[in-house]
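Taking the form predicted alone, here's one chain by itself in structure tokens.
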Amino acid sequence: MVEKIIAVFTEKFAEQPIVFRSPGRINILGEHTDYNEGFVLPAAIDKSIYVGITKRTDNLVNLYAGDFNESFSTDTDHIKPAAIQWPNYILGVVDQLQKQGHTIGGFNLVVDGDIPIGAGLSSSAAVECAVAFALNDIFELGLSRLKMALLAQKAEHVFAGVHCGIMDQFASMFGKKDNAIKLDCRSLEYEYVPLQLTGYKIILFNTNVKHSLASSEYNTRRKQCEEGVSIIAQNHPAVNSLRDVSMAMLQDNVAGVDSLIFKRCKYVVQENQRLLGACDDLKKGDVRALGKKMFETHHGLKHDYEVSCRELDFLVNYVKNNETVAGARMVGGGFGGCTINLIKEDAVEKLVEQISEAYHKETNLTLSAYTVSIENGTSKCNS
């Protein structure tokens, strides 16, 4: 991919770029906990967004997206959201840097990558982090990884219009080979947890569907969680988020008041507990115990949080009683995207063949399967 970026860049701009990469991410456990100030357990993967970049002597910003075969130009005095979406992940970062008082000159940039778009692997966060890292390097801004991750998150809020938690950008920036990151979304304290899945592979099955409910229901779930917190806070003033809530508090304060809000909050409280247990499983190398928690998480996302869909449920149910599969669940916001599966290495090929056929028969859709390994976070590829 680095060679491809250099070749395209040279053709477009007649000069050699510096290339940077930022990976997509998976989340082992901790779905919908980030915006509730809980814990998440992401890991950076071996699929990345790459940017080639050079400084200009004027204020022009020339962008080219290999994925879309599209160009976009503006200048640093007129950074505003574009009518087409892909430049906004780049321009949003420039906008945030300018708002924080950094002087950004003109630049030429080519972006491309091998993260499947729309699969819930956070390709947008990878773009933002790659761009932040690249601009920080070529304009010598001296920003820390944490500053860049937070800035990339803000760029997504403001220019892309998605009010995401910090997990995606943090995982992309701070990823470490063969480790997951236990991240406290309240304090941003983090710990690397070894992800040694001896004898197992991480396989993603992409449903290749994205139901239109995804963004509206995401915002609804956030509100429902906040409503649960406000009910509990009437009797427990110290409670600021679901992070502070126990199952006993939920039973005593919410169960009898609103059964739907109770279900939503119950999932989040239990997921935080599961995640802390999963970190212990990983430290012991107990893949089976981890996998059991993944199945439990999917059950909660389907029945309590209600963000799954028929296609995701089919894939998880298909592998649930298969001895070669330690665990599986849906990942991401929901209503489509991927399931993550821990499958015994020697069983992967046969299972992919069987589930692809069964999925097509059931849904008339094609299943995509990706093997992922755990890699380092954002980095410079050449100089």
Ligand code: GLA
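Since this is a predicted model, take the numbers as computed values, not measurements. The first residue of the shown sequence is 1; numbering continues from there.
There is also a form predicted in complex with ligand GLA; it is not shown, and the following applies to it.
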For this session: Among 28-36, 60-68, 340-348, 47-55, mark the stretch whose residues have heavy atoms within 4.5 Å of ligand GLA in the predicted bound form.
Result: 28-36
Exercise. Would V239 count as a contact of ligand GLA in the predicted bound form, using a 4.5 angstroms cut-off between non-hydrogen atoms?
Worked result: no
Problem set entry | is_contact(A278, ligand GLA) in the predicted bound form, heavy atom dist at most 4.5 Å | no
Exercise. According to a 4.5 angstroms non-hydrogen atom cut-off, is P87 in contact with ligand GLA in the predicted bound form?
Worked result: no
Problem set entry | Contact test in the predicted bound form: G333 vs ligand GLA, heavy atoms, 4.5 Å | yes
Seminar exercise, completed: Answer key: of F295, Y218, F139, Y190, within 4.5 Å of ligand GLA in the predicted bound form (heavy atoms) is Y218
For this session: Sort through G291, G113, G165, G300 and report the residue having a heavy atom within 4.5 Å of ligand GLA in the predicted bound form.
Result: G165
